[in-house]
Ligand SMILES: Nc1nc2c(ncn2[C@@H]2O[C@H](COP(=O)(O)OP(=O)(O)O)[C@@H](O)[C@H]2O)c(=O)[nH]1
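The chain that follows stands alone, in the form predicted on its own, written as structure tokens.
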């Protein structure tokens, strides 16, 4: 299980804190480490230290809520997988906690090490969460009362990027990503993962429709991105449902637990985003 040179198309996972990267990675790792569960992909190079991946995969496998990594000091995760069709991917997670991406979106400055990893990537998996999505409040919605206005000497709170709406932060991050690549005018193909899809699955919208309605700024910017690169929007619930509200989900066989929804299909295949990238590579996009 040594560290061989990168042998596949580099695929980068990005997203704000709490965007769903950890749970997706846990479900994906649990699937590909056991080829009998998901036969489409197999691991060809394990990460330097797989203990954390094993831990979160075991939590997911046992039907426990996967706790996201709160640390921004964790080493980047890298592993290689290959499809039965022969396509090789090198998955890179520059910052699993997402704090570097949040800071980059808030002040347009990104950790150089994270930026370097993103710049080398030929495909992007962009995560945002349906469960925590927020949009800016318009002035018309505020209905400010003059008597409730802040007093002149009232203390002003320090700026906190966590207080910004996800629509704003994700939009800023989306605009920043092409600038990190060697060819900003031709950015890499991107699959947007709307995580925690089980929380909005019943509203009857496709993932793209939900994104345009609930994250309108990001949706508009994604349309601009689509002018220069292939884009897919996929709703994924790596858990399948809220375990507290529906404990039966955790008792399903792991391969049947995830919920994966595109604008045209429904499945339980957690590797679906890689299959979409596989199609793009065969069509000559990326790589």
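Positions refer to the first chain, counted from 1. What you see is a predicted model, and the numbers here were worked out from it, not measured in a lab.
Omitted from view is the form predicted together with the ligand, to which the following refers.
Undergrad: Is the gap between residue 30 and the ligand in the predicted complex 4.5 Å or less for some heavy atom pair?
TA: Heavy-atom contact with the ligand at 4.5 Å: absent for residue 30.
Undergrad: Taking heavy atoms only, is residue 240 within 4.5 angstroms of the ligand in the predicted complex?
TA: Contact with the ligand, yes.
Undergrad: Within a 4.5 Å heavy atom cut-off, is residue 199 in contact with the ligand in the predicted complex?
TA: Output for residue 199 is yes: heavy atoms within 4.5 Å of the ligand.
Undergrad: Using heavy atoms and a 4.5 Å limit, would one call residue 273 a contact residue for the ligand in the predicted complex?
TA: No - in the predicted complex, heavy atoms of residue 273 and the ligand never come within 4.5 Å of each other.
Undergrad: With the ligand left out of view, choose which of 50, 231, 65, 221 has a non-hydrogen atom within 4.5 angstroms of it in the predicted complex.
TA: Of 50, 231, 65, 221, the residue with a heavy atom within 4.5 Å of the ligand in the predicted complex is 65.
Undergrad: Whether 16, 19 and 23 jointly form a contact site for the ligand in the predicted complex is the question; each needs a heavy atom within 4.5 Å.
TA: Every residue of the candidate spot has a heavy atom within 4.5 Å of the ligand in the predicted complex.
Undergrad: Just one stretch in 211 to 219, 164 to 172, 190 to 198, 107 to 115 has heavy atoms within 4.5 Å of the ligand in the predicted complex, so which one is it?
TA: The contacting stretch here is 190 to 198.
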